[in-house]
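What follows is a single chain, given as structure tokens, in the form predicted on its own.
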Amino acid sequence: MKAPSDSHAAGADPFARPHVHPAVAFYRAARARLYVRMVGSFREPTWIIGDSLFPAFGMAAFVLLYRALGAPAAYETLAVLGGILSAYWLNVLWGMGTQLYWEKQQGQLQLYFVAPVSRMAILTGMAVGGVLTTTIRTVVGLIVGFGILGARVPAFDPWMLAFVFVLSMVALYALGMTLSSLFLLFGREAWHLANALAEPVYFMSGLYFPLRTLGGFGLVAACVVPLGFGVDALRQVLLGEAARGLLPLDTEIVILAVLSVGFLILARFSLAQLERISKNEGRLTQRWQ
């Protein structure tokens, strides 16, 4: 006669996984991907130098140009903010948009699709890790802009600045989540697309000049890539009317919130489509396809 515990063990599924609440699984998956992103980003010294120092050169050039032309001091601060935020756009392109394509080339993409967690959790961990590592590297831009070049800002509300920054990052990296799915579908063209989107977005987002200068075109461009509204809103928080904002600050905050929700929904839909193609056709996980 078997003991009750033995009979229970004999009827149990040896492959059954312990039940984990979906929210807990989401958090654990995001945290695990965040850890990989944080550790991996500091393993290549040349990337650290390139991501932190090179954007400061372009920023310094515009600051010195405005100074040589005798432009108001607010324009120098405006260029410093644009140079600092340009690092986030590069991270969205190369750290988010092309990431799934690199994972495919390294033979790891199939692990994402068979893992019993949400793919949105994986991308969320990548996005949060990207924001943190880029923020650490923008310290170089802050030192160059406000320390060496002497750009200044008047007194501002730090809580409003933090709120607008977080909202801008959510909108920007939600766009990066969507791009990661699209770039994977484009395959080998992902590299060329990332290169092609860098400089035009700098221009359309008004990184080194007031976005208002572009008029209606700037408004349309900012509605497509939220970097423009993010830069413009942060300038208004720091410089007030001297920032020459495109729209009132409250309006830009509402638009950034709408873009955040819209891009998150679009990213979820794109990932669902990728998962469907991966399961039905099995071609997404094949290299060079």
Partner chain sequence: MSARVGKLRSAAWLGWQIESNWADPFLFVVYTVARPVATALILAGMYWAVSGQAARAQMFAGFFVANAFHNYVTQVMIGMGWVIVEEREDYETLKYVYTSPIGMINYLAGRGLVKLSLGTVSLLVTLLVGWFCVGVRWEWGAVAWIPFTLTFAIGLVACLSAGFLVAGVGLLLPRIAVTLNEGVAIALYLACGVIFPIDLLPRGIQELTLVIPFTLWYEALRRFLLGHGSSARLADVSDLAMLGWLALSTAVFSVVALVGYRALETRARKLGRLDQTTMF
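Positions refer to the first chain, counted from 1. Predicted model only: the values in this text are computed from it and were never measured.
One more form of this protein, predicted in complex with its partner chain, exists but is not displayed; see below.
Query - Heavy atom contact within 4.5 Å of its partner chain in the predicted complex, the stretch among 201-209, 128-136, 112-120, 160-168 - result: The contacting stretch here is 201-209.
Report task. Quick one: from 219, 142, 182, 71, grab the residue that has a heavy atom within 4.5 Å of its partner chain in the predicted complex. Result -> Of the listed residues, the single hit is 71.
Query - Contact residue in the predicted complex, chosen from 223, 61, 38, 261 - any heavy atom within 4.5 Å of its partner chain - result: Checked against the cut-off, the match is 61.
Report task. Classify residue 67 as contacting or not contacting its partner chain in the predicted complex by the rule of any non-hydrogen atom within 4.5 angstroms, answering yes or no. Result -> Judged by the heavy-atom cut-off of 4.5 Å, residue 67 is in contact with its partner chain in the predicted complex.
Query raised in the report: Applying a 4.5 Å heavy atom distance criterion, does residue 54 contact its partner chain in the predicted complex?
Result: Residue-level check for residue 54: yes, a contact with its partner chain.
Requested in this report: Could you confirm whether residue 50 comes within 4.5 Å of its partner chain in the predicted complex, counting heavy atoms only?
Outcome: Close contact exists here: in the predicted complex, residue 50 approaches its partner chain to within 4.5 Å, heavy atoms only.
Report task. Could you confirm whether residue 152 comes within 4.5 Å of its partner chain in the predicted complex, counting heavy atoms only? Result -> Residue 152 lies outside the contact set for its partner chain.
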